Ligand code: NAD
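A lone chain, given as structure tokens: the form predicted on its own.
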């Protein structure tokens, strides 16, 4: 049996992050999570009573420092860090977008990952081991019409992943990114509604477009993503680093 690992997850109280927290906790790992949604954090803490669950906005350096310092004091190190926190941002043609909405989307998706990975890199370099998994998106591989802030941030995460894999590989630390496609759940329901409104199309048309643009003609589940991350955190993936792994049924197009 593999020894329990110390696992930190940002954006861990809902969606993909909560799915990861559940799966790591179910196999006996020690989990710490943060999320900006205080109510979701409270619910996650009740569901996962052995976890360390805190409210923290990944855009806020002081809030993240408080959370990360607490984890470091409790654990002394960390084995797996999932830089997962993200937001869909606004939808619309770039000439119609507000600068503040652009900044907010970049801040959550990219700046939050920077703060998380900077902390993880310091600890993992000192201990000579560890895994960082960054949640990007297929939009970060191909672009996404009407979603320029989101696609830009997720594209940036791929650059961060590749660079950190180079920086940390010599000391035995692995860094990979997962690129979810359209993931079933409340978040994608909101994205479909937003994109439909921006494009002036029925929501069902947008939903059908997501399915038709995937070779396997299917949506992805949170468990599909958790399966991939748990594999990356296993000894079987000990030489996998610097990889951008799409879990999407093969995206053919992100055209609206």
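Numbering follows the first chain given and starts at 1. The structure displayed is predicted, hence computed values, not measured ones.
What comes next is about the form predicted together with this ligand, which is not displayed.
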Does this ligand come within 4.5 Å of any heavy atom of residue 135 in the model of the complex?
yes
I'd like to check something about residue 229: if you look in the model of the complex, is any of its heavy atoms closer than or equal to 4.5 Å to a heavy atom of this ligand?
no
Exercise: residue 56 in contact with this ligand in the model of the complex, heavy atom 4.5 Å
yes
May I ask you to state whether residue 130 is within 4.5 Å of this ligand in the model of the complex, using heavy atom distances?
no
In the model of the complex, does every one of 61, 106 and 116 come within 4.5 Å of this ligand, counting any heavy atom?
no
Counting any non-hydrogen atom inside 4.5 Å, which residue from 203, 69, 37, 223 sits next to this ligand in the model of the complex?
37
Looking at heavy atoms inside 4.5 Å, which stretch does this ligand contact in the model of the complex, given the options 74-82, 108-116, 90-98, 165-173?
108-116
Who in 151-183 is close to this ligand in the model of the complex, meaning a heavy atom within 4.5 Å?
154, 180, 181, 182, 183
